[in-house]
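Okay, here we've got a single chain as structure tokens, the form predicted on its own, with questions on binding and movement later.
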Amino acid sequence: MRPQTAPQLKSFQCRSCGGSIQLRTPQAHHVACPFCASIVDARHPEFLLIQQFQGKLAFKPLLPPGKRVKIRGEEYESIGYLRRTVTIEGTNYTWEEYLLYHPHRGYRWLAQYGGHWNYIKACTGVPKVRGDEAQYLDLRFKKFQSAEARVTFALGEFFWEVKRGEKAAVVDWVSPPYVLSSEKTEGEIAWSIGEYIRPEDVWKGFALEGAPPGQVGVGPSQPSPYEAARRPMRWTFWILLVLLVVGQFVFVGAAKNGVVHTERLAWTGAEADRAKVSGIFEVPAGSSNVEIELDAAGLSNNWAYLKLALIHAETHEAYDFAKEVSYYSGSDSDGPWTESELRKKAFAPSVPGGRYYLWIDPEFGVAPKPAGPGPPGTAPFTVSVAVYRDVPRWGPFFLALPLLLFPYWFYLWRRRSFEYRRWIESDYPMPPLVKMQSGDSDE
């Protein structure tokens, strides 16, 4: 609906308020008077009044018609300003559009909603749409929003027929930092593509003082601040994980895991309150861990609390431990059952070499009965001990693993939270976290 010929006059008087209107482009179609916002047909020989504005000019655009602006190093002149509104579930949502013009580069738009800005131009081709996805210039877009938009206010001149109340079916697809939009009116569909632009760059291009106002939420095309760290975080995580796993297997493979001493200590009923010591054994030289395996026997529906110590025979330096063993059995409606905790391990992380012995003092829930008929020395309670030197340990590995995972999980959570705040404003479900520009999956 562009004009066939450019108007001969460059200025005229508004047919509503009499204000002087200066035309800025040869393609001017409709002009909204900057003084009274009434709309005039700039192509008509008499500049016919199309629509008279009934109200006050309550909106003052940041970039009034006639002002120069520099965006992305390109200079344009502001020629038009629109306010457009959609109504969703009874709530109005309004955004601003600034129409920019350059004699050689043509038209551009700056659109602003909630402090978020997009630099927009008309598509040179028709995007391919398949369901909720669209493709344009090798970019894949996800459908974000669809609504009926109407013009609620206008100032300046436009190369199409602008009227207050004019409606268009608007659909937006996003692939941050880009937004693809279609506007359908009677018999016409117009496509445009926009790129997110920082408010600071807009303020600088407008030559405005101070700082731009704060942003509301996450803009539909706002690039994620976490996207640049996606690959470094993922590679760092996998490299550190491989190093951790390889280091653990090297540590396990290098561990000697040698048996230092084995012995069986027994208690009769009369000895239930006595501590016992093992024979003296040699722990090889060096400083490494020691693990003591305990295997109790002789308990029946009873428990024993074992206080034990690994004691150096010369210096009497002791490594103290405490373990509880128990055994219970019975039967119920489901049949016989047992609960056995007779095997326990005690661990000392760094023990110097030397001559040692074990001291064990049991405390029983119910004192063992004296030995009954049987071979001499029969005991109701025994503890078999085995002492190992330089045992491979998996505890540090499983402690380091969540410490390694946490930063990556935290990054993924922040990234997903950002996308959630973006898509909470959408009519459509949040898509998987993928790099939509290249299509490579992130998780």
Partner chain sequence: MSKFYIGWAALVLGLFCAMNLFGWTITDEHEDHQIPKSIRDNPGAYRSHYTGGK
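Note that the rigid core is defined as the largest set of C-alphas that superpose within 1.5 Å between two forms. Positions refer to the first chain, counted from 1. The structure displayed is predicted, hence computed values, not measured ones.
Same protein, other form: the form predicted together with the partner chain, not shown, and the subject of what follows.
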property: Which of 234 to 242, 137 to 145, 72 to 80, 103 to 111 sits within 4.5 Å of the partner chain in the model of the complex, heavy atom basis; result: 234 to 242
property: Contact assignment for the partner chain in the model of the complex, among Pro407, Pro26, Pro45, Pro64, heavy atom within 4.5 Å; result: Pro407
property: The partner chain: the contacting residue among Ser181, Gln222, Ser175, Ser278 in the model of the complex [heavy atom, 4.5 Å]; result: Ser278
property: 4.5 Å heavy atom contact, Ala285 and the partner chain in the model of the complex; result: no
property: Exercise: Gln248 in contact with the partner chain in the model of the complex, heavy atom 4.5 Å; result: yes
property: Partner proximity in the model of the complex: Ser350 to the partner chain, non-hydrogen atom cutoff 4.5 Å; result: yes
property: Proximity of His116 to the partner chain in the model of the complex, heavy atoms at 4.5 Å; result: no
property: Partner contacts in the model of the complex for 395 to 416 (non-hydrogen atom within 4.5 angstroms of the partner chain); result: Pro396, Phe397, Leu399, Ala400, Leu403, Leu404, Pro407, Tyr408, Phe410, Tyr411
property: Cα displacement of Glu74 between the shown form and the other one reaching 2 Å, rigid core superposed; result: no
property: Glu97 C-alpha moves between the shown form and the other one by 2 Å or more, core aligned; result: no
property: Core-aligned C-alpha movement of Trp303 between the shown form and the other one, 2 Å or more; result: yes
